[in-house]
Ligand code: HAX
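Here's a solo chain for you in structure tokens, the form predicted alone.
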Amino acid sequence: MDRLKQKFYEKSSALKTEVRSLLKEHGALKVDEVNLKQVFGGMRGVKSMIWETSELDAHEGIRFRGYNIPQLREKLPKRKDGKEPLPEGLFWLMLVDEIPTQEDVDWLTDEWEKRSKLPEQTIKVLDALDAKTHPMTQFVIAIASLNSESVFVQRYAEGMNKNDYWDATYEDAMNLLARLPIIAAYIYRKTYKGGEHIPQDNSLDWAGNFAHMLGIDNPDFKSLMRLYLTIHADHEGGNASAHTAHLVNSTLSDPFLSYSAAMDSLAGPLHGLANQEVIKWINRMTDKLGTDKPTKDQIAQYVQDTLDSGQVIPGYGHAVLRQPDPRFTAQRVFAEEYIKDDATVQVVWDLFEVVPDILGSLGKVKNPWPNVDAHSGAILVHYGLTDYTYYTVLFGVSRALGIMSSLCWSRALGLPLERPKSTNTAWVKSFLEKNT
């Protein structure tokens, strides 16, 4: 048993025992109430699942095992030549609730490198797809194709004891994380660079190697990828992609199929696809105004025109947050250090000064602040990654860190098949007649 798996086994076994005791003694205790708006409104805010790896607070933002993003940037191990945290360290933290040492992170980088070889059939599947196929569609299909090598599927067919589900899930999770950057880079080079693929550089870390395989060898871009893949890694369990993975995996579908389904959710315009919508909207604005350096008055008018046409301002608003997204702030800090003179980045900063007041004046917007998507595209464009239809794939590579660690916990704790009760409007009307 490898060092990380052993540590996870010890931690999860202890928590599993504790949870059983809690449920035995307090299982009937009511923890939440549901109102009719929530029944019709996508179960918004209903406490109904366990997600150990991160927690989202409306006012403080995301915390990974209790640490906010500035703390992660300070405490997680970094490369000797870099300032940004290594995503390997965040995975370690989310999985076992401990800040890893540099030795731990170096071990994990090497372990993922050992597991990173793609199955031949995955390459054949990708090559068979038309290069015009949306990158997220290619990503979903490639991830699903890894199912043929699932340790969980093999062991389950052999009659695996349910107490060992976590072990097989861990193996699949580690293999998936090792291979995702290879798959994502393969899709990028196939779709936008004529299929001229770039081999791995095993002297690099997980995120740095991903940047290398994309073909952007600027050292600052490698730093950006380390930050980007860290801050997008998890956002508690209720978001669409995380919840999808949790639901599908609760049926004992393997991590590859579970994550492929999660990426179907991430590809929606109300979730991960929003990052490409932001940069498209900014480009339309600058094209219409005829300048890449619009004034704040020009921006304000374009924002108002967008709202008057019945459209939303992409990159603004969040289902939970009631303050500027800390992930937006982290990217702004990066941009202020590395690319503060970039014209598109300046537009993003000007939007931050203009949009909240306009949205706030409408009187019906609960959160007029920017979310993570408001900034990421502008930085990616600066470093030459202008193919915005690919941006959600980057998001998908990162989000695997949180989801895979959480699936390990779900199987270790023996969480059951998710099966909420549905109703219909006839029942609602009957309920209201009896209770109003």
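Keep in mind that what you see is a predicted model, and the values were worked out from it rather than measured. One-based numbering along the sequence shown.
Separately, the form predicted in complex with the ligand exists; it is not shown, and the next lines address it.
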> Where, among 110-118, 329-337, 193-201, 357-365, do residues come within 4.5 Å of the ligand in the model of the complex by heavy atom distance?
Replying inline: 357-365
> Is the ligand close enough to A274, G315 and F395 in the model of the complex that each of the three has a heavy atom within 4.5 Å of it?
Replying inline: yes
> Among the candidate residues N371, S54, S376, S405, which is the single one with a non-hydrogen atom no more than 4.5 Å from the ligand in the model of the complex?
Replying inline: N371
> Pick from L289, L129, L252, L270: which residue has any heavy atom within 4.5 angstroms of the ligand in the model of the complex?
Replying inline: L270
> Is K47 close to the ligand in the model of the complex, meaning a heavy atom pair under 4.5 Å apart or at it?
Replying inline: no
> Can any non-hydrogen atom of L307 be found within 4.5 angstroms of the ligand in the model of the complex?
Replying inline: yes
